[in-house]
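Starting off, we have a lone chain in the form predicted on its own, written out as structure tokens.
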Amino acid sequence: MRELGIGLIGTGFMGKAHAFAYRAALAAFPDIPAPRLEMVADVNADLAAKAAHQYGFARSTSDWRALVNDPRVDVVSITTPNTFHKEMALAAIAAGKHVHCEKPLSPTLADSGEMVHAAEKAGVVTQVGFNYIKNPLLKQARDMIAGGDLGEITGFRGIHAEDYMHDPESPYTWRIDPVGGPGVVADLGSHIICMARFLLGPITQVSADVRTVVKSRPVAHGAQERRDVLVDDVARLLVDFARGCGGSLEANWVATGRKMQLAFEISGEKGSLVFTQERLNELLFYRAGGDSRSNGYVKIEAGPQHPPYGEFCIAGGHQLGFNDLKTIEMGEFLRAIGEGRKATPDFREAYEIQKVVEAAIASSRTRSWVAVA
């Protein structure tokens, strides 16, 4: 079986998640090309060397360009802040590498379009880090919708709320620098937009209210000097889907007490589905009709009957976790490379998601419905 040399740029939270996923992918999916952990890069040489030792990479470097151009690297994983995505991805594509990039793809729609064009022209395989849709129960939900279990869809309510920015004394970081693009509507909003598109298809127009809640933040922990915050903390969107139904989406990173409320409720003429990432191994299904005295939501519990759950555990109810979803993501990416076909979600899909983000920003400014281009 062919090997693929993996180059990882960035050693933070997402870098570690990528390393875990590449290390576990072959054990879960023995039919994929074997990932060979070749090189890891970080601007701090000591951190890069530490990560190489901890994660099992053969080499490390403080120069991401050296990694991108190394002949033993076939796949480049980009886990840096958004502002670096475009330059790194374009360099990797120019070097003929397959590219996995964390979301959002870039700060602007124009930059994302340039990345899509370069990747498609070069014929490399790309993937973007929307790992939550890799949950086997999300695929089950999509199959049920497509199979008519809910009948005609009448509505979608989705939210991605966390509280990691709720403290007004937490310092100003790259995450809220407008150079990196919009705020929560891109950071968390892209996940619920991706999930909505995955389940129900394209979004055609948006009416949005995008707000900054924390108006300024200290430049560092405990500092007296503060910087104005110019990106959004909360975004609320009314949306229309091409399939004919409407819905609502919320992104919120100041939702005090919430750690991972990535959730949806889909209503249809025959039933409904409810899911939250807080209980990611459960999908609730309600079937309309029947005896009202005993009718209610039925819990669908993840198990081997929901591929690829069984590649991780043969017993139902033992549950998958966040890093397992990342492993599924990387396994599918490597399989696509090995088979010479498109991976999903790729740069093109991330570009479509970003169109909705930019339409939401435009809608909030004009206080009107805005079509998604």
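Rigid core (definition): largest C-alpha set, two forms, superposition within 1.5 Å. From a predicted model like this one, the values you see are computed outputs, not experimental measurements. One-based numbering along the sequence shown.
If you look for the form predicted together with a further copy of the same chain, you will not find it shown, but the lines that follow are about it.
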item: The single option of Lys86, Arg197, Lys139, His166 touching a further copy of the same chain in the predicted bound form, heavy atom within 4.5 Å; value: His166
item: Residue among Val43, Ala66, Ala58, Cys313 with a heavy atom within 4.5 Å of a further copy of the same chain in the predicted bound form; value: Cys313
item: Listed range touching a further copy of the same chain, judged in the predicted bound form by heavy atoms within 4.5 Å, from 104-112, 89-97, 75-83, 282-290; value: 282-290
item: Partner proximity in the predicted bound form: Arg335 to a further copy of the same chain, non-hydrogen atom cutoff 4.5 Å; value: no
item: 4.5 Å heavy atom contact, Thr173 and a further copy of the same chain in the predicted bound form; value: no
item: In the predicted bound form, Gly257 touching a further copy of the same chain (heavy atom, 4.5 Å); value: yes
item: Contact test in the predicted bound form: Gln319 vs a further copy of the same chain, heavy atoms, 4.5 Å; value: yes
item: Full three-residue contact with a further copy of the same chain in the predicted bound form, heavy atom 4.5 Å, for Leu4, Ala122 and Gly148; value: no
item: Contacts with a further copy of the same chain in the predicted bound form - residues in 349-373 whose heavy atoms fall within 4.5 Å; value: Arg367, Trp369
item: C-alpha of Pro71 moved at least 2 Å between this form and the one not shown on rigid core; value: no
